[in-house]
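Read on for two forms of one protein chain; each stands alone as structure tokens, with the labels structure 1 and structure 2.
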Structure 1
């Protein structure tokens, strides 16, 4: 999408250094927004991400490296972000996965996943929603998962965090539903709930399946898809970015409190 309908807007994307978050940040940049990203990664990868945002057309681009397991670090980052400018669009995309049964799940994994996937989103929304309401336009786009709608074995903290994110998003939608107008675009909060998207997050799961098929990566991916995603196609990160961009448009002012599956009919079953 090249139309610069976000000229003059500012966006903040957690998880913006990789995968889905980076693709969304690039889409927002191409639409003309100033884009701040948060995420981990080495200096070269982060430099390349920022460069890609400028190249895509961002009015300006910045990175903050706060670790989202650390509430004080998030608070400091949000203070600097607010000094940088007024944020109109928040995409909570940072996420962590760790698979294992409930009985084997290390407590510190549970704490980390809940902190990154859920509590950090609460903190960004709490800080940034009020000024969106004052200006009559704002977008919260939370990247949940099909695992915010249905469960799978071996993913207790991930599923719990994503169900929590879906609930948190609905509350925000209700609390801010009357802010703004159709002309200003209103304030909305929605979740996107992807099925399988080929990114580093699922690489260990792909590798585990590939190992069952003589290290044939394509066969491993096909096996993973055949289990739950009826389309048998992975989504691309750009697919998720395109939907995120649509949610930022003024015409999306009444799409609010939704959990939108992008899952090849996984949750239709």
Structure 2
């Protein structure tokens, strides 16, 4: 059983209804936190996500469906969140991707990706960091990407947003580094930069590669990863959740302003 070191804490996870975000929210719940999530999904999917948080051990759980492209909607959500309780942990996990060359990239796609991947994170941090500093404990965990550290073709807005998120996180770390103490846990801001993570979103790609190898799933994954991820194995959503949970511990008070790759040595090349 996970140690309930987050009893009495409140966490907020964007992109928390599925994939990496939901796994992180479940980990926080198991550690005792009240957990608020924002994310997409129909009523059944959202209900299942909330139920999974309660089953994991959340002191309480709630969903907000604000559109993260809309600053006014985010502002209203954050006001309600703060009325619900003080937020000690923010995980900005919501993200959007669209591939295409710089030449062909529709401007509306650029605007939407920057809004969700970067501007929404800025807005949550701006609203919630000051009260964390007053209490002497707070955690900002931004789920960036290897594409916040290295670039790839056909991904201009995604790469720009993730490089921006890494930079924003470093600024927040510097501005709040002296808040709190070792005993209180301090206030930290860090990025996790995953490479390939096994989620339902990439299952079709796995299956396509597996079909080229006699329906051998492991061989298909290795082939898919062979170009960039030297380990040739994917991370799980639980791997990312475990790292996120460690960053919330008091002992992580001096891990601050870091961009932590979980990428099978992709960015070591």
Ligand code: NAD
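Remember, predicted model here, so these are calculated numbers, not experimental data. Residue numbers count along the first chain shown, from 1. Under this definition, the rigid core comprises the largest set of C-alpha atoms superposing within 1.5 Å between the forms.
- Legend: structure 1 corresponds to the form predicted together with nicotinamide-adenine-dinucleotide (NAD), while structure 2 does not.
- In this overlay on the rigid core, residue 69 has a C-alpha that sits less than 2 Å away from its partner position between structures 1 and 2.
- Core superposition gives residue 214 a CA displacement of 9.6 Å between structures 1 and 2.
- Once the two forms are overlaid on the core, residue 202 shows a Cα shift of 4.0 Å between structures 1 and 2.
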